[in-house]
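Next up: the same protein chain in two forms, each one alone, written as structure tokens (structure 1, then structure 2).
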Structure 1
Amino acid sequence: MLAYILRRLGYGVGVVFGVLFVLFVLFFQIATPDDIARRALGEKARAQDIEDWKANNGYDRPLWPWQDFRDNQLFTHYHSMLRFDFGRSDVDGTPIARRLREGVAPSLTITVPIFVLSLLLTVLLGLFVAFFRETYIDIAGVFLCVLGMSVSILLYIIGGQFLIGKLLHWFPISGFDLDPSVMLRFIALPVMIGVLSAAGGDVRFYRTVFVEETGRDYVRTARAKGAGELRVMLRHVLRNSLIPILTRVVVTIPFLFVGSLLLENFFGIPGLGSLTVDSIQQNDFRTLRVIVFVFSLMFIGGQIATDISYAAVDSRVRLE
């Protein structure tokens, strides 16, 4: 198992280096250092001001290591990212690491409740629909799931803000405060919308997994021994469905730290999702590169954790 983990970590390191190279190529293909300087200073900035800005922000050096292996943008890109020295924003000079730290808590306050509530609710609903498979309850459940999947999350957000926020006045439409006494009021509506918008796809996925497991040999054996249908679903089907459930859950975990772009933007939550949207709108390429890199690290780590966790939930899995 140790050899497998080391091999997967080696693959992960290779992917990280590849991601950094692709990031560098893509961002500097979209905008040259002169373009970045003009967007930071304004289109009417003088040529000398642009050159000074490039020199102050490290954009005056060549992109590729053709002349000097160390004095170039590519080397600096790898060196700073791998040391987690993210530098400062291209727009206002704010340290990017500080902006990331400030955005993590607001993002987690909505993504973690959405993740936990959605997991519990959709697994139970998927198990319930699978229990009544090939009945009108199953047909109605699948229909509602497909209907929910077909509706854009924008409609959930706008409808929830109008109905619950504006008409019923149950929760604020936007805003955020980390004070525990008022925080629940600000996160309740986005959490409700996040759970509801994801329920259709998740319930349909879990229902498919459970129905597939009900046709296995061990399920027929359990029924032949006299086990009731409820016991079969809870003790056998649910337990042996943990690997696909675990795969979906662990892959989702990195997204918790990155935040929700639409929810944070519409509800005025100053998390990493809002930071990403602001960076795109302000052409803050350095911050965008850092956000994509951090997310890539989390996603790669999540993939490795998924493979390792298989052995923990299923004794039949051997990592070699």
Structure 2
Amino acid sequence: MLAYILRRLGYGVGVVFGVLFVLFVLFFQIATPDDIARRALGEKARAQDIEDWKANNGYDRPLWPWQDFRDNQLFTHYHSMLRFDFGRSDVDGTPIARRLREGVAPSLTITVPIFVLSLLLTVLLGLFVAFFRETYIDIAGVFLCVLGMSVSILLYIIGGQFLIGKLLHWFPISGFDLDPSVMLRFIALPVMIGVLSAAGGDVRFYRTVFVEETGRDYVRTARAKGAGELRVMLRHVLRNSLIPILTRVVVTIPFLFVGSLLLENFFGIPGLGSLTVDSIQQNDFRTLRVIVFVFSLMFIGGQIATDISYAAVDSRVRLE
């Protein structure tokens, strides 16, 4: 088991280096420091201004370590990222680490409720539809799922804001406050839309998982010994479906921190999603590079945790 964990961690470290390399190629080789400077200063910037900007923002070293092993962008990129020394934004000079920290709490206040509610709702609905498999309820359920999957998240958000915020006046159209007494009013609408927009795909996925399980031998055995259909679904099918459910869930956990880019931006929630959108609109390449790295790191961590817990449960995995 220890050998497996070490091997898996080693591979994870390799992937982190790989991600950093991809980021380096994207943000230094394809978009060169000159491009980045020109986007920050405008197309008509003079050559001297570009050189000054590069020097001020630490973009003036050679890219690759062909001449000097330490004095180059590649080394600095790896060195600073791996020490979590993210530096300052290209645009306004604020420390990126601080902006990340500030964004975590608002992001979590909408993504955690979305995550919990949508998990409960979609698993239950999936179970419900699978319970009535091959009936008209099932057909209608799957059709509704496909219907929901065919609508763009933009329409969910715009439609929700229009219908509930503007016509019905149930909740404010946008805004945010960390004070618990008013927070609920602000997050209710984004949470509802977040749950609804992902429901179609999730319900259909869980239905497929459950239906697949109902074809197994142990289900037939359970029925043969006289277990009722409800008991079969809840005690046997649901439990045995936990692994595919968990796999899907664990993969989405890192996205809790990213928040939903669009939801946060539409509803004026000052979280990490808004930070990402801002850095896109301001061409803030350094912040974007940091954001991509941090979320990839969390994602890799989540995957390693999943794999190790699998190996703990199922010894066959270890031997591969």
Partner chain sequence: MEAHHVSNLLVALLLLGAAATGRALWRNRLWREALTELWRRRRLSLLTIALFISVGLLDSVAWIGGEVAGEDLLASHEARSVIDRLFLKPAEGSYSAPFATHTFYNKQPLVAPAGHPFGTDILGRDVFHRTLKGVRVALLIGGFTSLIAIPLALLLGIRAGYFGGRFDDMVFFVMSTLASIPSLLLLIALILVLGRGTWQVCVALGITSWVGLCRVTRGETLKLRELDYIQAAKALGVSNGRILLRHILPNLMHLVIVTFVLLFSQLVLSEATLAYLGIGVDGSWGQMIDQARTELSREPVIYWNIAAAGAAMFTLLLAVNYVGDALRDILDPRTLREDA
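None of the values given here were measured: they were computed from a predicted structure. For residue numbers, the reference is structure 1: its sequence is counted from 1. C-alpha atoms forming the largest set that superposes within 1.5 Å between two forms make up the rigid core.
Looking at both structures, it is structure 1 that matches the form predicted alone. Annotation: Cα of L275 displaced by less than 2 Å between the two structures, core superposition. Once the rigid core is overlaid between the two structures, L26 does not reach a Cα shift of 2 Å, moving by less than that.
Once both forms are fitted on their core, a CA shift of 2 Å or more is seen for K44 between the two structures.
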